[in-house]
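Quick setup: one chain, the form predicted alone, written in structure tokens, and binding and motion questions come after.
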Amino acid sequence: MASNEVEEAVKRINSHKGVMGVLVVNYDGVPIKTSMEAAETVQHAALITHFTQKAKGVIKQLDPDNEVTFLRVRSKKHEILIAPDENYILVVLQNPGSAFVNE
């Protein structure tokens, strides 16, 4: 995917109601694209990368022929949508009270 396509995808996702931030990170925890503040980006990139790798390991241990395709974590304050790919992880942080639709 070209850089301008990634930028457009991040803008499109970020425009949805309730979305608080979008982050694309590599598996080293390095942010590639973000719509969040710098400190928040670094913290989320490191923690979510670690969390994603752990979740992938758990799934592989339970079933070596299976793999993680999507993670959704919901707390009282946030909902974190995680879409791991081969080289990158797409993360969407949203308000749990908002639907992920553009009304």
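The first residue of the sequence shown is number 1, and the count goes up from there. Predicted model only: the values in this text are computed from it and were never measured.
Beyond what is shown, the protein has a form predicted in complex with a further copy of the same chain; the following relates to that form.
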item	value
Contact test in the model of the complex: Y27 vs a further copy of the same chain, heavy atoms, 4.5 Å	no
Heavy atom of A38 within 4.5 Å of a further copy of the same chain in the model of the complex	no
Partner contact for V19 in the model of the complex: a further copy of the same chain, 4.5 angstroms, heavy atom	no
a further copy of the same chain contact at L23 in the model of the complex, heavy atom, 4.5 Å	no
Residues from 55 to 79 in contact with a further copy of the same chain (non-hydrogen atom within 4.5 Å) in the model of the complex	A55, V58, I59, Q61, L62, D63, D65, N66, E67, V68, T69, F70, L71, R72, V73, R74, S75, K76, K77, H78
